[in-house]
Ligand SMILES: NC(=O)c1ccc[n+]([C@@H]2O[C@H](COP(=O)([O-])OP(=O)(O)OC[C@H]3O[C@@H](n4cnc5c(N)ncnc54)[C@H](O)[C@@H]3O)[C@@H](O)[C@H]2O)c1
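Take a look at this one chain, the form predicted alone, written out in C-alpha cells.
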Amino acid sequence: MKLFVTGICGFVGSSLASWFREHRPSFKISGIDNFVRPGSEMNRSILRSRGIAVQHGDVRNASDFENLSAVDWVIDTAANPSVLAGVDSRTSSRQAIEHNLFGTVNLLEYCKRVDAGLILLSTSRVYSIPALAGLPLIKAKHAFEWDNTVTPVQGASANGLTTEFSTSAPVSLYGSTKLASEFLALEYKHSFSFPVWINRCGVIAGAGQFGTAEQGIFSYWINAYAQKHPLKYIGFDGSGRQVRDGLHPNDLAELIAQQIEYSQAPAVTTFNVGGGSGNTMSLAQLTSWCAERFGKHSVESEPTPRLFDVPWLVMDNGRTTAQFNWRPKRDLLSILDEIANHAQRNPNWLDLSSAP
C-alpha cells in the first residue's frame, strides 16, 4: 500500500504519517509540504528518520504533481486552517482560495490520473455561523451549555452537530473553500470512479502542535499560559464561555485506516469527526485547568465580538460510530496533559512556531 500525504510536515500531516509508519509498517509513506507554516521544517528530518519520504511541493502548483508517481491513497492535510484566512493581515483572500480550493482541484486531478483514493480532511467550520450563533444555549457560570428545554434544532443537539446541520453562508472564506472542496471531491468520485472519504474534523489537538490564537486553540492556550504570555477572552462578554471539543490525531488516524481498508461500497462518505460531547471545554475552564497545572496567570477580557467567532462547536460522531464502530479513545484531559508536558519540555515552542 502506497500512502501519500499533502501538508505532511504540518501537525496533522506529520502525526498521521507517523501513526501509519508505526501501525501499518508495510505501507510506503511519502508526502509533500511547502513549508510556509512556521515550525513545519522541524518535522522534515523527524519523518525522514522514520523512513517517510518528504519532498518540497505546493498543492497550489499543478506542475508539482506532474512527476509524482502513482499511489493507492492520498490524505489531504494541506490547508490554511485559520477561520480568519483571507481577511486578516497575514493572507489575502486570493491566497486563501488558492490554497484551500484550487489546491484541491490539483489534488483531485492527481488522484484521477493515478487512480488513487482520497481522504479529504474538511472542517467543522463548514457549518453556518448565523445558525451556530443561534443555537439554544444557556450562559452557565464558566461555559455555554445546551438548553434542552427548547424546540430541537435540525442537525444539532447536546451531543453536538451532525452533517445535517446548516451549511448556509456565511461560514468564512476558510469554511466555504473547504465546503466547495467537498462538493468537488464528490463530483470527481462520481465522474471518475475513485473512492473518496470526507472527514469534517473538530479541533485536533496534541503535543507538538503549532497552535495560534485562531486555530489549534488548546495547544496555543496551554503554551502561552505556561510562559505567562498575554491572553485574552474575545467576544461573548469577554467571559471565555465559548466551547470546543478536542480530538487527538491518533484517533483520527485509526478512523482513516478503517476508511482505507473499507471494502464495501458505502452509502455515506461524509462524516463528522471530533472529540464529541464528552471531550469539551470552554476557554474559562481551560484557564482553570492551566492555573492548577502552572499557577496563577491573569487573562484579559475583550467583550467586542470578533469576525466568525461562534459560542459552541461540538461534533456529533454518531454516524461515524454507526459506520465504523469508531469512537475517540483519548479523553480531553489526557490530551491537555500531553500538550502541557510538551510545553514544559519546550518553553520556546510558540517562538519557534509563530510568524515573526
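Model, not experiment: these values are computed from the prediction. A residue's number is simply how far along the shown sequence it sits, counting from 1.
A second form of this protein, the form predicted in complex with the ligand, is not displayed here; the remarks below concern that form.
Partner contacts here mean any heavy atom within 4.5 Å of the ligand in the predicted complex, and among 196-204, 136-144, 224-232, 160-168 they occur only in 196-204. The three marked residues, Ser128, Ser172 and Gly175, fail to reach the ligand in the predicted complex, with no heavy atom of any inside 4.5 Å. When contacts are judged by a 4.5 Å heavy atom cut-off, Phe294 does not count as touching the ligand in the predicted complex. At least one heavy atom of Thr77 is located within 4.5 Å of the ligand in the predicted complex. The ligand is not shown here, and in the predicted complex it never comes within 4.5 Å of any heavy atom of Gln285. In the predicted complex, the ligand sits within 4.5 Å of a heavy atom belonging to Gln209. Between the ligand and the residues Ala156, Met281, Leu108, Leu121, the one pair within 4.5 Å by heavy atoms in the predicted complex involves Leu121. None of Phe27, Trp326, Phe35, Trp289 but one reaches within 4.5 angstroms of the ligand in the predicted complex through a heavy atom, and that residue is Phe35. Along 1-36, residues Gly7, Cys9, Gly10, Phe11, Val12, Gly13, Asp33, Asn34, Phe35, Val36 each place a heavy atom within 4.5 Å of the ligand in the predicted complex.
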